[in-house]
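Shown below, as structure tokens, is a lone chain in the form predicted alone; questions about how it binds or moves come after it.
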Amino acid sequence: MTNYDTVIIGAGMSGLAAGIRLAMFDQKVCILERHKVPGGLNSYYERQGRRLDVGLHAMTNFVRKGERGRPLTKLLKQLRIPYEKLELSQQHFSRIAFPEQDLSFSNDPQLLTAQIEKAFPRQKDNFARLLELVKNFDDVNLNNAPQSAKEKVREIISDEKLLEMIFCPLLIYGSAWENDMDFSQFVIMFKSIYLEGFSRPKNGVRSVINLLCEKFKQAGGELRLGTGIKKIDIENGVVKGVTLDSGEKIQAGKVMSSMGLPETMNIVSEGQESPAPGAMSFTETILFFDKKPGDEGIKETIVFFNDNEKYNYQKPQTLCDYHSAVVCLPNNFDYDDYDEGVIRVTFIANFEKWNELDKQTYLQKKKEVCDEAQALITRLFPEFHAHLLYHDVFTPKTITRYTGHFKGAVYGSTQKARDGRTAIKNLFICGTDQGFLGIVGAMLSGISMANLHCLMDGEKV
């Protein structure tokens, strides 16, 4: 029977980062991944020779070379990865599009400040106060008690439309809560999106995943793809290892799971209470065109669209909510490595509605999602006249199939394990249900939990 210091469940960003950190300190560590391709929620695939990224449309927490004390800088130092390896390309700018009101933001925080001062002049001082609160709040303190971000922000921002517009990108980029988020997570997302900003690694998310896998193997770690776990083995309340789908048993002093808190507790061999998965899931349509948006003078990188005064970030009663969306134009980062025009359109979706469809209806509804995505592109960019070359649509069922997340819950459970601990001794959580958000947040989660629970002498982030 194989014995490891630590077994990590899931080869997503957090699992890979945790594995690198442990292997660097000479732990015998193995990462087990059910699927043949690593990456988890942020992964990639190919169709007809085209590269498709799935998951978040961009990396948050952009930092320029030489800047210190930022989340991305910290994780690169912890993983001993040179900044140049990421080959980051900045966004042009992004836009929050509400009825009769737009706000643009970029990787220069002054743009959003100037936009708010112009569109909401009476909120100028209030927004300055919010900025100070965000900058001075210790968002990564694992002892922070959960509190409503909207309640907290309403104490400062008195214009409801501005509040809804500020929350729109932050919610859809990381909240498991409906129509709100924990204040610590609000601050994390505010800093990562509005104060630091979006970028894209050259060749997309696969370059980050490949970099992490290479680093993990170089450090002496073992990565087993196509290896599903049947159960986590517990004896007298203490983790002992895992049993694979094949029946093989692996012993480990500690197990760190990045598969989600409900999903982890569901495979514990002793009966444990499991929190409910969150309600937030999505469809995504990826479209390839014979023209690039920039050819028609379109410069936005991401548009956060909403056609109501209030942003309804909640599970819809229908298959999809077409009243809001995220529209990403990957060609519109500073460096464009695509040969064709690419647009990604994300709608909020209902897992249960999608899950009850028969195969024929399912395929028909996927086509309707694609039609709605194209209609929205035309609505937002009427000047964009291009021929559709190829498209693909994934749904909440796809998310569950390839990530194992119950109900296609992209952001996991509303109940987070901030310190990574579970009721089982030496069984820990990292990633989505630990609570750090985004691609950079996921990696920092893996590093932080590895340092805290598995490295007695490891430095903390």
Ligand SMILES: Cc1cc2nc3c(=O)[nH]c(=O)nc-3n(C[C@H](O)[C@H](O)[C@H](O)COP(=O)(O)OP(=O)(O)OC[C@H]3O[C@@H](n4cnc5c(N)ncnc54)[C@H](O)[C@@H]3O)c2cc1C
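Predicted model only: the values in this text are computed from it and were never measured. In this text, residue numbers run from 1 along the sequence as written.
Note that the form predicted together with this ligand isn't included here; everything after this is about it.
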(request) Scan 228, 204, 294, 316 and let me know which has any heavy atom within 4.5 Å of this ligand in the model of the complex. (result) 228
(request) Go through 70, 397, 421, 34 and name the one with a heavy atom inside 4.5 Å of this ligand in the model of the complex. (result) 34
(message) Heavy atoms within 4.5 Å of this ligand in the model of the complex: which stretch in 413-421, 44-52, 26-34, 62-70 meets that?
(response) 26-34
(message) Can you tell me if residue 13 lies within 4.5 angstroms of this ligand in the model of the complex, counting non-hydrogen atoms only?
(response) yes
(request) May I ask you to check whether residue 259 falls inside a 4.5 Å heavy atom distance of this ligand in the model of the complex? (result) yes
(message) residue 406 versus this ligand, in the model of the complex: is there a non-hydrogen atom within 4.5 Å?
(response) no
(message) Does any part of residue 9 reach within 4.5 Å of this ligand in the model of the complex? Heavy atoms only, please.
(response) yes
